[in-house]
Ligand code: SAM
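In structure tokens, the next block holds one chain alone, the form predicted on its own.
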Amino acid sequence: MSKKEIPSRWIYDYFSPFEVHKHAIKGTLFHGNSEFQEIVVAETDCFGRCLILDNEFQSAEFDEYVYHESLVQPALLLHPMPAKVAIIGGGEGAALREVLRHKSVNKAVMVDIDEKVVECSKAYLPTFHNGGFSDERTVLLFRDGREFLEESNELFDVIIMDITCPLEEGPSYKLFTKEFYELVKKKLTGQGIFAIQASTTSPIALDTYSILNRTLSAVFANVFPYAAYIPFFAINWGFNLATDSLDPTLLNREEIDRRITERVKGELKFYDGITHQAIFNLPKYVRKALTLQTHINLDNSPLKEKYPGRNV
């Protein structure tokens, strides 16, 4: 590539004071602040449109399906027949899109604290939500997710946590504690399932992931860690699935594919029976870190990251 071909505009993804990834951009579609956070919608040359909150890269147009299918599909396909689902966060609407693909779902409650993020997603990220905000099964609420669960009398078959990492200055750190997970458990049906994004599984930044896994294990009988490589993040991203009665590792590839065919509308781009087996088989260093972790995240001393994806 000649100097004339090198893009002149870049946007930076700061992993820490010592590591940064940068993306060439065609332009910025939106840049502003809500009551809770800084919001940027930019168009990158390689990954299309992307959403950035408080300088934390959330997802990008060309590969967001990897993240959102990983977050949503294992939980909903594990459940025998999910009818009522709650999504805490999920501003882009992509997690909602994946939930609504399930024929059995008759109600999807999405609770996001920041209405402006949803407004930006409606205006600038149509492929993310794919009309999910206007689906008749969708109930869209703008309020604190923890307060919603505290005040709600409803029980859900699946609860999905699609929120930003617990950044020091961010709005979400109180949704990663043992007390909050105990509240979630009370709002699940008998075979209910809880799924969360849980930060990176990078070997140099495993604290958040291992602490959240340990904290979930203090509340739920069965916790299953898994991870997927997200090209836009250029890193493996971690998830956790928690339940008291079901086990995703007992489902073989044929059963996963059968459930997808019978229960999901349209074709999944990332997740199937073979992918299921891959993402639930974590490398040795991650398994060791989970085994060694003893810290439980509590309300009176919540985990707060200083930088996205890092405990620096």
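It should be emphasised that the depicted structure is a prediction, and the values quoted were computed from it without experimental measurement. Start at 1 with the first residue shown and count on from there.
This next part talks about the form predicted in complex with S-adenosylmethionine, which is not shown.
Every residue of the trio 51, 90 and 163 has some heavy atom no more than 4.5 Å from S-adenosylmethionine in the predicted bound form. Stretch-level contact analysis of 209-217, 129-137, 112-120, 184-192 against S-adenosylmethionine in the predicted bound form, using heavy atoms and a 4.5 Å limit, identifies 112-120. The contact with S-adenosylmethionine in the predicted bound form, taken as any heavy atom within 4.5 Å, belongs to 58 out of 243, 58, 70, 44. This chain is displayed alone, yet in the predicted bound form one of 82, 145, 74, 238 has a heavy atom within 4.5 Å of S-adenosylmethionine; that residue is 145. The shortest heavy atom separation between residue 156 and S-adenosylmethionine in the predicted bound form exceeds 4.5 Å. Though the partner is left out of this view, residue 233 does reach within 4.5 Å of S-adenosylmethionine in the predicted bound form, counting heavy atoms only. Residue contact check for residue 175: one or more of its heavy atoms lie within 4.5 Å of S-adenosylmethionine in the predicted bound form. Among heavy atoms of residue 275, none comes within 4.5 Å of S-adenosylmethionine in the predicted bound form. Residues are counted as partner-facing when one of their heavy atoms sits within 4.5 Å of S-adenosylmethionine in the predicted bound form; in 186-224 only 197 qualifies.
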